[in-house]
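Just the one chain here, laid out as structure tokens, in the form predicted on its own.
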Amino acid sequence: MDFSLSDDQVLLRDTARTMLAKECPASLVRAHVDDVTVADALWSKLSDFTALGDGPASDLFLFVEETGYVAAPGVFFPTVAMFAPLLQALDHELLPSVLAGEATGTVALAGADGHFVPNDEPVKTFVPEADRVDWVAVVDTGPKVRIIPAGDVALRQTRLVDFSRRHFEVDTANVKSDTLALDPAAFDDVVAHTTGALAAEMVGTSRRLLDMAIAYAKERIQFDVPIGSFQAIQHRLAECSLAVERSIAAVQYAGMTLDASDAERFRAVHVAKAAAGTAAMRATKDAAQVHGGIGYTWEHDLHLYFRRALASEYWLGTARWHHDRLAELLFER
């Protein structure tokens, strides 16, 4: 069986890399800390790719891996990797406008414990970009879904380590809207799709951290030679590279199982998020240590990417949490 990328997938990946390298430099991510509107210009480019939200998961994963590489801020991920799959499962009338890049949305699901499972708590937590989207899909026990204009809900921003992806608490206690029932199995697929997409994005961020560490090891001179010539640095970067490669394979496999509706897809997604989290934590630590003191400064761009890696590891379940869920699925056999 041939697992190599198709010509169309190579074109998609290369197009994303070229476009994002131009439209989302580190300076934009840094400027987003103080002015969230700088991401609007990036969204005008990314909105051309919103149809990926209703296409093969393997294609979406390739694209969001590149957005993770640049730590792209804004509404693209919640709209395409969260909101669109949920609308598709509901066969909702808003889906065409979302896929056309004309409307944006996010999903409010987690309760006070932060777990991504349906609940009846009026306040939903860790809702990404809730103040910048047009619609908020609120998921309650059932699961039942309410599609609410974003301006109708009360918001409170949650300060996290990652400045490039902003999270909010959404209070829906006083909001009245129609409730749509969703098949639990279909909802499980939506969650798996979103989790896999986040894992793919984390792979991109890990690659960025590794690439920055390798580049610095080549240019930093100590004892009249590049520090990359030291065996200790080489071993550290080699082990990090292996972790990143494992996560790439796990994410690509998860995408294929989701596209095939394979019975292994939920296990594959747990493996992908766990592998991506492990690689991200390894890349964060190794990149910071290879850079030495400069890697811990505000002025250096490294922190922009390990902030994204750290926050993503804890969003939608840590590696340890996914290992536990994987064990539960294996013992069900």
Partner chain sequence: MHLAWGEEEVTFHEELCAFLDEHTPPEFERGFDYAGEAGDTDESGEVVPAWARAWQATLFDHGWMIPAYPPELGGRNATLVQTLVYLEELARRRVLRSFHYPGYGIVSPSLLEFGNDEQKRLVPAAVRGDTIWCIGMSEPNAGSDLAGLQTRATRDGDRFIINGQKVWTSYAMVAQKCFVYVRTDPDAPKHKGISLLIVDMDTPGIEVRPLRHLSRAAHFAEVFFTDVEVPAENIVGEVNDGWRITQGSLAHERAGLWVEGVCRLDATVSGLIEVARRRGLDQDAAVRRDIATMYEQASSLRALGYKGFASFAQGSSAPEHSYMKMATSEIGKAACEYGMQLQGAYGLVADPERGEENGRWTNYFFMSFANTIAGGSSEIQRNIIAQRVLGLPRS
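Positions refer to the first chain, counted from 1. Computed from a predicted model, the values in this text were never measured in an experiment.
The next section is about a form of this same protein that is not shown, the form predicted together with the partner chain.
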property	result
is_contact(R159, the partner chain) in the model of the complex, heavy atom dist at most 4.5 Å	no
Proximity of L62 to the partner chain in the model of the complex, heavy atoms at 4.5 Å	yes
4.5 Å heavy atom contact, K22 to the partner chain in the model of the complex	no
Contact label in the model of the complex: V123 to the partner chain, heavy atom within 4.5 Å	no
The unique member of D262, D188, D131, D152 whose heavy atoms fall within 4.5 Å of the partner chain in the model of the complex	D262
Contact residue in the model of the complex, chosen from G228, G142, G101, G111 - any heavy atom within 4.5 Å of the partner chain	G228
Stretch in contact, per heavy atom within 4.5 angstroms of the partner chain in the model of the complex, of 90-98, 164-172, 248-256, 70-78	248-256
Every residue of F3, R320 and L330 near the partner chain in the model of the complex, heavy atom within 4.5 Å	yes
Within 207-239, the residues that have a heavy atom no more than 4.5 Å from the partner chain in the model of the complex	I214, A217, K218, P226, G228, S229, Q231, Q234, H235, L237, A238, E239
